[in-house]
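Just the one chain here, laid out as structure tokens, in the form predicted alone.
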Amino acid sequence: MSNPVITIKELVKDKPLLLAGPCSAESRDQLLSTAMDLASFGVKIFRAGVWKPRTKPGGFEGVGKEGLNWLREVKERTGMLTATEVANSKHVKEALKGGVDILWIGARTTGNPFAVQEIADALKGKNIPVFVKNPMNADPDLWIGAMERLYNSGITEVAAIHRGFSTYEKGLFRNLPQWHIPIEIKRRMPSLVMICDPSHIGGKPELIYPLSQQALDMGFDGLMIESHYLPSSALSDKEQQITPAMLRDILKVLVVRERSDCSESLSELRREIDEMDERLLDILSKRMAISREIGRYKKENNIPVLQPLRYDRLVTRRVSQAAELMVDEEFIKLILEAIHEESVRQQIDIFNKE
């Protein structure tokens, strides 16, 4: 099946550009039910993974090329464009033969230059949009390098997907946003279309709206959101998928802002502040966890909670460092006092409760 020419420029005429659909194609009925619901309120691009790379063997790894037949039927019955993930040249050839309109390269594949080059070579001479997700690790050059491999193969219809970065520690997000990295990518590649994947960043339905709105406020061109007609039955990533009805409600309240260059600069500075605040909260959480461990050790070894000499030395050292970093000394003292007071409180709780 030959596809009509589709350009990224045409795709982003709709604000925001939206790709929606289940994490993976699981059955014909599942795909058609979800697609019909999404099409009913104007979704124009339907996404579904046919091949699913999983962290460990034994999980659901996709239905394979049979899912391409279901995607073709979705397109025929709804008029939506279809998108799927490719990780090697075989995937590319089968997806193109199956009539898929848009391809994306997943985070695991983006981090493998050999795999990306294989995909780029398979796409030579083909006219199809390719979206590139950021790599698992926070490496801007690796992300840019993957897109450059596509450009070098003559593929001009390239866009980026920000899906967050993996971390060992569990926190608010499934994958850390680290917004400064897509900002840096846009600084280096100003004309690049960038969309956000709040499903993978948040990992929870309740985070999809705030992350989507934040991305749009930051000037992202669109969103990729995982939507399943029955998320609780999903064979992959069921915790982060939302129903089409939930997506419809989110789209109703999302605000797309038109900003001047001045307001864009201010927004970038505020985004940096927001990200730093998130880091501070994460660091404080980890610090308090260590304080509780110290409390347990002190209790087991009959050591008093308060250690005044150590605290005095700590404050003196940190205040000296603050002056070198052009931070007000009294301000740092207030912060250290508050942190110390909370650490002591948590250690006393250990003494009283455990």
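Please read these numbers as outputs of a predicted model, since none were measured by experiment. Just count from 1 along the sequence shown to find any residue number.
Another form, the form predicted together with a small molecule, is not on view; read the next lines as being about it.
Contact annotation for residue 106: at least one heavy atom lies within 4.5 Å of the small molecule in the model of the complex.
In the model of the complex, the small molecule lies within 4.5 Å of some heavy atom of residue 85. For the chain shown alone, residue 11 is not a contact residue for the small molecule in the model of the complex, no non-hydrogen atom being within 4.5 angstroms. The small molecule in the model of the complex comes within 4.5 Å of a heavy atom belonging to residue 23. With the partner omitted here, the stretch from 149-157, 213-221, 98-106, 70-78 that lies within 4.5 Å of the small molecule by heavy atoms in the model of the complex is 98-106.
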